[in-house]
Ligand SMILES: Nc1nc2c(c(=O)[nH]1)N[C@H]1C(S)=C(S)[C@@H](COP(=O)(O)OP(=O)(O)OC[C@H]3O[C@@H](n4cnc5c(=O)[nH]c(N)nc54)[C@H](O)[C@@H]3O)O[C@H]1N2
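The form predicted on its own is given below as one chain in structure tokens.
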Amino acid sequence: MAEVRKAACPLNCWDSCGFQVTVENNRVMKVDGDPSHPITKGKICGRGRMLETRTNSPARVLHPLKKVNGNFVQISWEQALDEIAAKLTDIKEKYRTTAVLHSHDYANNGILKNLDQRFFNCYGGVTELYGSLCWGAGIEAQKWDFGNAWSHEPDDIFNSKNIIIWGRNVARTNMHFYEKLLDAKKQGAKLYVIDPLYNATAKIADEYITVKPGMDGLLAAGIIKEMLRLGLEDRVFIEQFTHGFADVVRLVKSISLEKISEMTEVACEVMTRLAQVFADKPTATYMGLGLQRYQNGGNTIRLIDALAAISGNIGIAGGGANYANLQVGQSFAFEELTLPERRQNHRQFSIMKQAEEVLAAYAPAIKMIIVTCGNPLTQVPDTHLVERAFASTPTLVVIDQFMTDTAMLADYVLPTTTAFEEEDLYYSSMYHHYVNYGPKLVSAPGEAQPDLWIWTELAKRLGFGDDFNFSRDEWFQMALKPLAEKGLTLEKLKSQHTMELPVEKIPWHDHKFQTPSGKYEFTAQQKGGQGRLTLAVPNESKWANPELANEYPYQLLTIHPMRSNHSQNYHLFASKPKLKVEIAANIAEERGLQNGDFVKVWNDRGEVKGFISILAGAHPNTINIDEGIWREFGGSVNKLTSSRESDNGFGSTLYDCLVNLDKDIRQ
């Protein structure tokens, strides 16, 4: 008999939805939204619904696999774990534990997914990754400005007079915020969308401003310049609660508005109008993640932060420089889970440059890579180099549900469970401040096991099994310890299935910042000369590299797909996916291209081939290819992208990418 159970979405996206899952005969039949969830209110996206297909797919890895003479053979869990544990022991004795690289991403965000860190810390400490392919430059930038990266709670949008959506297509990536935008507009708020692509969010805007990709920080500088010229700045906030304002004044005086207009390809009068909008408080700014995926990415977020600060929109209802909301994740006791004090050795590689670092590593060299919660051969930039690095490592272990591009390269593939086959807690650090409970609903197929079971079994073989001798409830209580003191208990969460976390709903309302000065810092004191704002531009642009721009005249964006969370779902689509090359109308006209034409897109790093789709309203000379596409479907687009780091070292430069394009008759 069918039963409808409350559950939660595990995908690490903006919305972190509540589910109602229909289960019959130990099988997930349907995934719907939970109408009782306080934020998501019964509506979910296609990516969430795809979790039924993902759970039931016949393509699941069902047994541990080992590569023998180039082919995968099924082995027992005992053999797989014994052999991997023996290799880990041998590496520790001969080379030190940092000869192991843990390659981890966060496409799935369960609380207990963090226990892989506990395993590696108890092992002795391994080589770990720092930074983020997704949002790292912006996080670091806001830490320089505010001391942390916090956002206003979702319903605060109804206090806004003006709403700026800057580089964020919420219709695709944040559907519940999109609905709130519609409601806010009905209540009289004005909506402005700034983006190189005319997207579904732009269609509902009162005004759409198209900007040259990567030039958003310069646009913010231009708006600041006009705000100061017109005397629209908030002098009280600036003088009482900020540090380094004189540096901003000098910066915007160093360039003319006309030059900014030329570089951003935004008219001067638009910047003047936006200065007036920001001064017409309260004005809320909501930034997307693509803004900071450039060489100048951290500086871009900092200039937009500065604009919000100078206009006095920080710490007030209906305002804010909303990028991330780390205070949600900061509610949990992650150090209790991960035991960082157990590390005896520690080494870090940049997540962007992990391939180069693997190839160059010595004392010790990398002898084993263990991949969890990720598919680096598809998601990490400069695919050819990533493949060479991972293939060069003596042992590659991949924990996954499917034979991804990365798993195909592995020596061992360990099958793991989906979210409906294990119990966990889920939250988002980008939008709302609720934690959701996800119970186990069905049994896993074949011999698939939860990640936690794998770490526990390996820990037993390596001599620290007692560090994993806890029930799931005990793990949860460990993580929820700071909340239990406030009456927010595991029992309450399991009963309600979602629980509001005690966050600052209007960050910085007391004007007490977490910076060294205790003020908002236009110039980051602890960073020396690097802490000053600049007028930086993307590395791959005609302003920084005119010869490269002449050879590769088009700017490539690689935005998130509609129906897949990164690379997770392409192989599950009912129709075989094709690589779609979306181009601005001027490119189609110049190259004589029509919808459906087969083309090659290339640069000095690689090439991909796909089918043309002309984007109405896209900024001139702009191309988009959705990220995450597997090799068998024409990807990965990261064959084209650079592994350079952002200016502050914590983000990727995935969008800082110039390419050329031409029709290809060899389809």
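Throughout, we count residues from 1 along the sequence that is shown. None of these values were measured; they are calculated from a predicted model.
In what follows, reference is made to the form predicted together with this ligand, a form of this protein that is not presented.
Counting any heavy atom within 4.5 Å as contact, can you tell me which stretch out of 412-420, 177-185, 243-251, 461-469 lines this ligand in the predicted complex? Result for this chain: 412-420.
Given that the partner is absent here, does Glu226 sit within 4.5 Å of this ligand in the predicted complex, heavy atoms only? So Glu226 does not count as contacting this ligand.
Any non-hydrogen atom of Pro282 within 4.5 angstroms of this ligand in the predicted complex: Pro282: no, not in contact with this ligand in the predicted complex.
Looking in the predicted complex, any heavy atom of Leu197 within 4.5 Å of this ligand? Because a heavy atom of Leu197 falls inside 4.5 Å of this ligand in the predicted complex, the answer is yes.
With heavy atoms only and a cut-off of 4.5 Å, decide whether His566 touches this ligand in the predicted complex. Yes, contact at 4.5 Å.
Candidate site Gly167, Thr173 and Leu654: all three near this ligand in the predicted complex by heavy atom within 4.5 Å: So, yes: the whole triplet contacts this ligand.
Identify which of Asn325, Ser311, Gln295, Thr404 has a heavy atom within 4.5 Å of this ligand in the predicted complex; exactly one of them does. Partner contact (heavy atom, 4.5 Å) among the options: Thr404.
Within 4.5 Å, heavy atoms only, which of Cys134, Ile163, Ala149, Met271 is in contact with this ligand in the predicted complex? Selected option: Cys134.
Within 349-373, which residues come within 4.5 Å of this ligand in the predicted complex, counting heavy atoms only? Those in contact are Thr372, Cys373.
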